[in-house]
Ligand code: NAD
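Form predicted on its own, single chain, as structure tokens, below.
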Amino acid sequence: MKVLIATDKPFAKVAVEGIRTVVEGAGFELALLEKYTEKKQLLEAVAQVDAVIIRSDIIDAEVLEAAKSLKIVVRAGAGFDNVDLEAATKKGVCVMNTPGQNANAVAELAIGMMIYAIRNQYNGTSGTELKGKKLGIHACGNVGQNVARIATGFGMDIYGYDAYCSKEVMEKFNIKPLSSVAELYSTCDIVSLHIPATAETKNSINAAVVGLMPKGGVLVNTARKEVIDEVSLISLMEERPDLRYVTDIMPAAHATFLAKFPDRYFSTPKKMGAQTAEANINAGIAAARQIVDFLVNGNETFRVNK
């Protein structure tokens, strides 16, 4: 059995060595494709492998077609919209993610971005504090729960909306469950977004939703840029000079946001939520263990395609 690490943005060396220990310890071969610049390189690399570990790399129908022996793809991280799930299912390929491995890293970044926003981007003027603020968590999965855990230490009043997370789980993390998206946004001073990009959620965070926020509202996005209706949000921020938007995913309209709202908008240069040494190692090794468990024992616990 041959396992490929295909990463345009490479894992840390210590993570690769951890993956190697797991893979070779199971008697499998490990191959590396790092910092590749053309899709052709990926197509060639997957031709004779049984498993692939990726990060933000694109696994589409063409890649799956080229991977004649492929049995499993594991996305080292929570999101998996960079993999064509339908095509994978048609090819009989199992797709997994590694939920929770990057959660603390993303949560810490979300909190840091909140502070950066309410302290006026450290521009020397007087800002406000997180203590006592009403924090809304939009989707209360692993990342949302970690945001709540950290926010509790700051003395924030925490609310959440998630149609798929039970009241009992939310309350375990000091999250007060609300009954709708509208209630969440109209209640909270700061909203932290953690929803996936699906047909239902794409462009769902728009002026009608964000416009419900109280004066001085801050929207924090460490989820996916596709969930934001950028045109609508720009129009709202023009109408509401009190609103701020900070994001870990550079919008398509980044230049417009920056030109219009230099003191109320910030984007990281690239997605950085999982860019910590710890998350890098955790997600990579978890991916390797899941591949071995699947190939040896048929364990499909973290499968995300049908």
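Quick note: we count residues from 1 along the sequence shown, nothing fancier. These numbers come from a predicted model, not from an experiment.
FYI, the form predicted together with the ligand isn't displayed, but the following is about it.
This chain is displayed without the ligand, yet in the model of the complex the stretch 138-146 from 117-125, 212-220, 138-146, 228-236 comes within 4.5 Å of it by heavy atoms. The closest heavy atom approach of T201 to the ligand in the model of the complex falls within 4.5 Å. Although the partner is absent from this view, S192 stays clear of the ligand in the model of the complex, with no non-hydrogen atom inside 4.5 angstroms. Shown alone here, R224 lies within 4.5 Å of the ligand in the model of the complex, counting heavy atoms only. Contact check for D162: a non-hydrogen atom falls within 4.5 Å of the ligand in the model of the complex. Among the residues V106, C188, A88, I175, the one placing a heavy atom within 4.5 Å of the ligand in the model of the complex is V106.
Checking V246, A67, A274, I54 against the ligand in the model of the complex, a heavy atom within 4.5 Å turns up for just one residue: A274.
By the 4.5 Å heavy atom rule, the three marked residues G79, N102 and P196 all count as contacting the ligand in the model of the complex.
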